[in-house]
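Below you will find one chain, with nothing else, as structure tokens; this is the form predicted on its own, and questions on how it binds or moves follow later.
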């Protein structure tokens, strides 16, 4: 399967793309204005069900809220996943507003402030320590509040994961504690009153190579086994990270999830059962859960020709969906899957550049894309918009209104 196959997951009703059973024009009327992000509740549920089917039953699924912090999405997922990971106290508040227990929430990220750590300790979540400074601060906060903090060590591994869209482990990093320093770090922690649960290793994100993910998981378990010898108590928490990617472009192939599941089962049956019998084993996913379940919808304002090129101009742009413009991690710009949502069954008749409403040539949502005859007020849809869309875009740029978000 490629990125284009994502479109097939959405319903088509009377020639129009549908979300949550609502044809796009009716959904736009219900929302009242464009642009907007729409997330399909059915697809979210199906994605978690797929993970449950392909991964070992003992895996603890954690949703990384950073991928999409919309409260309604997080609320929906709270009944489907086992735990949440947050990267700020803003995300922490969203997580705590759900039925998810606080001891099933982890807080990771560099440069946590004393105020943030205080909120986390008071809430009773697991703080993934990124430095000795954090450990000292957490200890002092716990003593002040009369709370024994729950902590794990985020480990910067001594290996890098190839093929990741963004590398977050191996070599010098702002993330985590270097693996060679962890034994001494644990020795220091054994002298103080912290509830040290285990380890979190996250090497990289957006990886479509199952073989590379499997190798990284094996190396992570090997590393954790070595580090566990310095633990003051048995390991009760082992977060293997995630990094599962989704296909964004035509040549991308979907991740072989079955291969990943088989590898995890082998790890369970061998080293994990032998060395970590008390551990809660966590796979932390964000993009893989929500990315393909959302769309960005923007309305055509004008169509014009310029020196032989057709331009379709819309009321949205990179200020809402930066990644689709190619300005969020792409070295060579490529198009996200794009369609005219109210003309899904019409034949492609022309090639156009789809551009946003901002005063910059960077505001390009689709270059040379095949489309049917486009008219003013048509609805342009960008797929793969469920993760790192609204929250990862410069929404204040040029002071245009923000996009609306809905879960349908």
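What you are looking at is a predicted structure, and each value in this text was computed from that prediction instead of being measured. Numbering follows the first chain given and starts at 1.
What comes next is about the form predicted in complex with a further copy of the same chain, which is not displayed.
Contact check for residue 157: a heavy atom falls within 4.5 Å of a further copy of the same chain in the model of the complex. Although the partner is absent here, residue 184 is not a contact residue: none of its heavy atoms lies within 4.5 angstroms of a further copy of the same chain in the model of the complex.
Contact annotation for residue 314: at least one heavy atom lies within 4.5 Å of a further copy of the same chain in the model of the complex.
Contact check for residue 69: a non-hydrogen atom falls within 4.5 Å of a further copy of the same chain in the model of the complex. The stretch among 142-150, 188-196, 255-263, 112-120 whose residues place heavy atoms within 4.5 Å of a further copy of the same chain in the model of the complex is 112-120. Remark: all three candidate residues (174, 179 and 322) come within 4.5 Å of a further copy of the same chain in the model of the complex, counting heavy atoms only.
A heavy atom within 4.5 Å of a further copy of the same chain in the model of the complex is found for exactly one of 226, 309, 251, 333: 309. Interface residues of 334-363, taken as those with a heavy atom within 4.5 Å of a further copy of the same chain in the model of the complex (partner not displayed): 355, 356, 357, 358, 359, 360, 361, 362, 363, in sequence order.
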